[in-house]
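Have a look below at one chain only, the form predicted on its own, in structure tokens format.
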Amino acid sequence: MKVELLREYMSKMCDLNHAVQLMQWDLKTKAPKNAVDTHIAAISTLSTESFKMSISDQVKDFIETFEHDEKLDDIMKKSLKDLKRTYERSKNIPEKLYNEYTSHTAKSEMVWEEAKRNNDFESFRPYLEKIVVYNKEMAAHIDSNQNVYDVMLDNFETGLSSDKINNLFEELKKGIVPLVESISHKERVDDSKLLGNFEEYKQKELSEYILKYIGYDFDCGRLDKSEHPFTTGTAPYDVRVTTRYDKKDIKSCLFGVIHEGGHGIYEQNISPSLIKTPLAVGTCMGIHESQSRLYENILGKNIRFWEPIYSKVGEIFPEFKAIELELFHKAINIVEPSLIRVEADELTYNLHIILRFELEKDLFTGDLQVKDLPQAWREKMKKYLGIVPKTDTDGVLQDCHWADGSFGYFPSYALGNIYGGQFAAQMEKEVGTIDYLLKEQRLDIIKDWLRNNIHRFGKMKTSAELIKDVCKSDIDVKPIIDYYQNKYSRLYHL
């Protein structure tokens, strides 16, 4: 058997996945309302075809033929390893179950959007209950001897168990909670001047400017509007980002765009040599989130980031000409409990993730039923953040991830903060302080360092391998805690 057959096979799988990505993007951004059902049917058909290819006898033959072939180059060896992992995890999942699941989750996302708009959890509940059942069934087919939730975690964070993540999160809480408590006794910054009536087209203009400034390539991407911001596409030449607009407050859009821009820059800088292989994606969601959270917070909420370009904000929104940069900087770094995860400050954001992580675990141990999620959500919010949402729109319905079946994804956000802290600390050792690079507008140096050390490898390296190679250590919470303590001690004079 010639290796070219393996290349052609992988190429066809990538083409199918490319088509699915584009249709899912269209469904969430541009598709007419009456096109939803036909889109969902097409997505289900194409996804099932790709799934069938991943568990076929042909893949089994490829594995048996080439697994020990020393003539394969590194890319083909890693690609074959990834194909084998997918094959071993998916070969026992019935095709009918997979087809039903992809169709159901595509539909449930549309139902979720409507339920969120109408504060109507009950209309979404039966869809979510079915998603939980589907996930349990598929986890049993993948590995009936493993904890169900750990099986799902492995879709996003290979090699990290729920026990390991729980230990990391406990360490994270120990560093965060005392800081939040100390800050709560300080006078709150008055950010009312930052509120107003900001036209959507102007917010888009500013968003596009910021994306270009941080290094997002519009020749390989685009910016659109969606209910929940996301990044999708096929790396490295078609990577699309979305945002949402709050007419009263530009911060939501602005930092959503920088966040998604971090995801987009990662994918756009994956090596072209990985195109048409399963390696042309981010290695895992935790590393992906490390890039988006690094851009959004460690870079985007640093006053040095804004010093060279703050005048552009005033050019597009003249009311900001009367707002001093120092006030703007303090306002974007206010620390206080809030209802919405994607708008939370970088400290309390981690508590939002821990809350979701605990709820997910309870759902799959049977300690929590879907019907009881809204009340459990309110209780966790009270416990961790001291506030309670008045509506499910601001509570259990605020995120899209459960609607699309992504149980096990949420921990990636806090893991991303941890990884991002490690990467930022190492980058400063090698190319200069972030303050200096931002002040000198050398985001190109930052982007180059990230590309050379992380982005270009795609899925060639695991998250553990990347951290070991880049930071010369294992996963470590200390750098991000040190960053939090240094930053907020200065901001709040602690």
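If you're wondering where the values come from, they're calculated on a predicted model, not measured in any experiment. Residue numbers here begin at 1 and follow the sequence given.
Another form, the form predicted in complex with another copy of the chain, is not on view; read the next lines as being about it.
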Inset, instruction - Work out which of Ala464, Ala42, Val431, Ile63 lies within 4.5 Å of another copy of the chain in the model of the complex, going by heavy atoms. - result: Ala42
Inset, instruction - Only one of Glu181, Asp219, Glu199, Asp73 comes within 4.5 Å of another copy of the chain in the model of the complex by heavy atoms, so just point that one out. - result: Asp219
Inset, instruction - Spot the stretch among 423 to 431, 23 to 31, 464 to 472, 443 to 451 with residues whose non-hydrogen atoms come within 4.5 Å of another copy of the chain in the model of the complex. - result: 23 to 31
Inset, instruction - Look up in the model of the complex whether Asp476 has a non-hydrogen atom within 4.5 angstroms of another copy of the chain, and give yes or no. - result: no
Legend entry - another copy of the chain contact at Leu46 in the model of the complex, heavy atom, 4.5 Å: yes
Inset, instruction - Examine Trp306 and determine whether its closest non-hydrogen atom to another copy of the chain in the model of the complex is within 4.5 angstroms. - result: no
Inset, instruction - Report yes if any heavy atom of Lys164 sits within 4.5 Å of a heavy atom of another copy of the chain in the model of the complex; otherwise report no. - result: no
Inset, instruction - Taking only heavy atoms into account, state which residues of 232 to 250 are within 4.5 Å of another copy of the chain in the model of the complex, ordered by sequence. - result: Tyr237, Asp238, Arg240
